[in-house]
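Form predicted on its own, single chain, as structure tokens, below.
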């Protein structure tokens, strides 16, 4: 135990490598010392380490402690960095199934669902690299159309298809960047929080409804220590205390 405590202090002082810190956190987790594991993992997060495995492990440690909101929060952070991680996706689904507030998402049209599926499969960096690749391909096809007249018709058709995918991709990237900035996703980490009709307590505003730990919301607005949030797939919205939720995005 003293060795682990020393390790936590060393991590806090950044005296060990991320690999050593992760190993210490994993050892604490495997020993059933979930609070110790959380402390080590959170220290790594505070040091600026962005890693899907780190958030996945942190989510597991919180889940073992019964802190559902923190677990979902970190599973979602891991998902942003690696949306194709099967283990993380399974644990996120499990944690969501235990949340009291099960919020349905809207069933959008086929095009919207196609774009969303692409966004769920690719990280923002991967989508940006794909867009760059499509742009280079578009330029290559344009050169072929100019220099090789016998392939011009085929090249123009290919340019139309590639150009369409490129436009959709750029719109998707812009939409993701805008939503991350203007309407960031958040998770309720308090056990229960009252959603108010305005940015203040029950002595000033009406309690609209309650949310429980693990509820996933979108932050619409900030005012002092209050945040206006909405529920995905619903028209419900209101104000909650800032310390009752955490943003999924750290950047």
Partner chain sequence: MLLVGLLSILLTSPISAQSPITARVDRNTLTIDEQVVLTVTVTGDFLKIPQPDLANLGEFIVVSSSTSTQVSIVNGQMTSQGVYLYRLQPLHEGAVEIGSIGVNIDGQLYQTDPIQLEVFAGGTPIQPPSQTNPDTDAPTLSPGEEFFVKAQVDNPNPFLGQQIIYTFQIYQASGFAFGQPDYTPPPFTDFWSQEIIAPLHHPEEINGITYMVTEIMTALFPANLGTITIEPASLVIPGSLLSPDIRLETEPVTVEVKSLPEQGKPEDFSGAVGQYSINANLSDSEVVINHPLTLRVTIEGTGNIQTLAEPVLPEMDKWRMFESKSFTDIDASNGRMTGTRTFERLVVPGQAGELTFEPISFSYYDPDAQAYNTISTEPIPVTVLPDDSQPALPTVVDFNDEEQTVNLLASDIRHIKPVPTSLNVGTALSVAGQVVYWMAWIVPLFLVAGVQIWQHRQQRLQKDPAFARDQRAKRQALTILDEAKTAGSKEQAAAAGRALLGYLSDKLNKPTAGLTTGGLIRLLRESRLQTRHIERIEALLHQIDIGRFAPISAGDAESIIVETRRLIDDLEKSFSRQRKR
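Positions refer to the first chain, counted from 1. Keep in mind that this is a model prediction, so the values were computed, not measured.
There is another form of the same protein, the form predicted together with its partner chain; it is not shown, and what comes next is about it.
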query: Proximity of residue 206 to its partner chain in the predicted complex, heavy atoms at 4.5 Å; finding: yes
query: 4.5 Å heavy atom contact, residue 57 and its partner chain in the predicted complex; finding: yes
query: Any non-hydrogen atom of residue 53 within 4.5 angstroms of its partner chain in the predicted complex; finding: yes
query: Residue contact check: residue 135 to its partner chain in the predicted complex, 4.5 Å heavy atom; finding: yes
query: Proximity to its partner chain in the predicted complex, single hit among 142, 162, 168, 154 (heavy atom within 4.5 Å); finding: 142
query: Interface segment, criterion being heavy atoms within 4.5 Å of its partner chain in the predicted complex, picked from 64-72, 178-186, 197-205, 222-230; finding: 64-72
query: Triplet 22, 91 and 210 all within 4.5 Å of its partner chain in the predicted complex via a heavy atom; finding: yes
query: Residues of stretch 34-53 in contact with its partner chain in the predicted complex (4.5 Å, non-hydrogen atom); finding: 41, 44, 48, 49, 50, 51, 53
